[in-house]
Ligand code: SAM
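Okay, here we've got a single chain as structure tokens, the form predicted alone, with questions on binding and movement later.
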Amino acid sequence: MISGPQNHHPLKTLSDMRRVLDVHGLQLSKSLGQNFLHDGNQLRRIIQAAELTSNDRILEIGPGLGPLTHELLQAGVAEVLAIEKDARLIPLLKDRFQSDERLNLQHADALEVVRSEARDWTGWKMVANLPYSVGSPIIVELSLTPTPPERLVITLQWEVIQRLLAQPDTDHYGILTLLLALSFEPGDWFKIPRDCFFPVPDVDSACVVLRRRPTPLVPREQAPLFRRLVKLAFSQRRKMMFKLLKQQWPVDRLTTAFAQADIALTQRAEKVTPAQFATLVASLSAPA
């Protein structure tokens, strides 16, 4: 790991974090999903999972008080783009990291940023303890973008991580699983105990590595159709997918597409693999 300039101090303990909040008179916001990770061992595990190099540019969403930001900069990365929605935290972060020119701190809604900016994320990694209130939409938008980051190392509530890791024909398999599968394949993951966060959340959490696929699951021009089809297929999980899709496609086209994808006409969406969905989309995208 590359060593960087040590011109800012870590928040080593929960006491450090409480003291910073008290000094600045800050009360954390439930509506913003603010549960700050303070455990040094878990922060180092996240950094290790990111496999950082001196050429990496890092997207960090929701830096909070900056404990992960500190570790990223200490790892010697080329740039950290940190997007923080809470205006109260911007002066604090600027004060902590003012001497480090590699930090690009933005006060913005990260979901709006990733939706609206046609940014080329090639050469970027996202490493973030994501705000739980908007974590899922943010990673979906990154999966749908034409040039997604090469790796996501993200901490979210365990229930969401289970959906990212889910296999077909399981309870957690669904829309989120498939939309992330457009661009990413899940890798290693580890659980993070609740008491590693402040305030202690009501749910369990985990960190997972998502690596960008060498080629997308479907061509980029087919991604909007993939999204529309998957959402309709899972709109009523206990219904046969064929009956749901008949609302938008002719029966004869669907019958042919299902045969090409080796999907039974009686199949429910939860049993259909990402590859089968991709074949279905390719068939329905072809000229009639």
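In case it trips you up, residue 1 is the first one in the sequence shown, and so on. All figures in this text were calculated on a predicted structure; none of them were measured in a lab.
The following text describes the form predicted together with this ligand, which does not appear among the structures shown.
Stretch-level contact check against this ligand in the model of the complex with heavy atoms at 4.5 Å: of 63-71, 224-232, 242-250, 256-264, the positive one is 63-71. Interface membership of N129, defined by any non-hydrogen atom within 4.5 Å of this ligand in the model of the complex, is confirmed. Residue contact with this ligand in the model of the complex: I90 places no heavy atom within 4.5 Å of it.
Interface membership of R96, defined by any non-hydrogen atom within 4.5 Å of this ligand in the model of the complex, is ruled out. Taking non-hydrogen atoms only, I83 approaches this ligand to within 4.5 angstroms in the model of the complex. Checking V134, L176, A166, V208 against this ligand in the model of the complex, a heavy atom within 4.5 Å turns up for just one residue: V134. The contact with this ligand in the model of the complex, taken as any heavy atom within 4.5 Å, belongs to D109 out of E185, E159, E150, D109.
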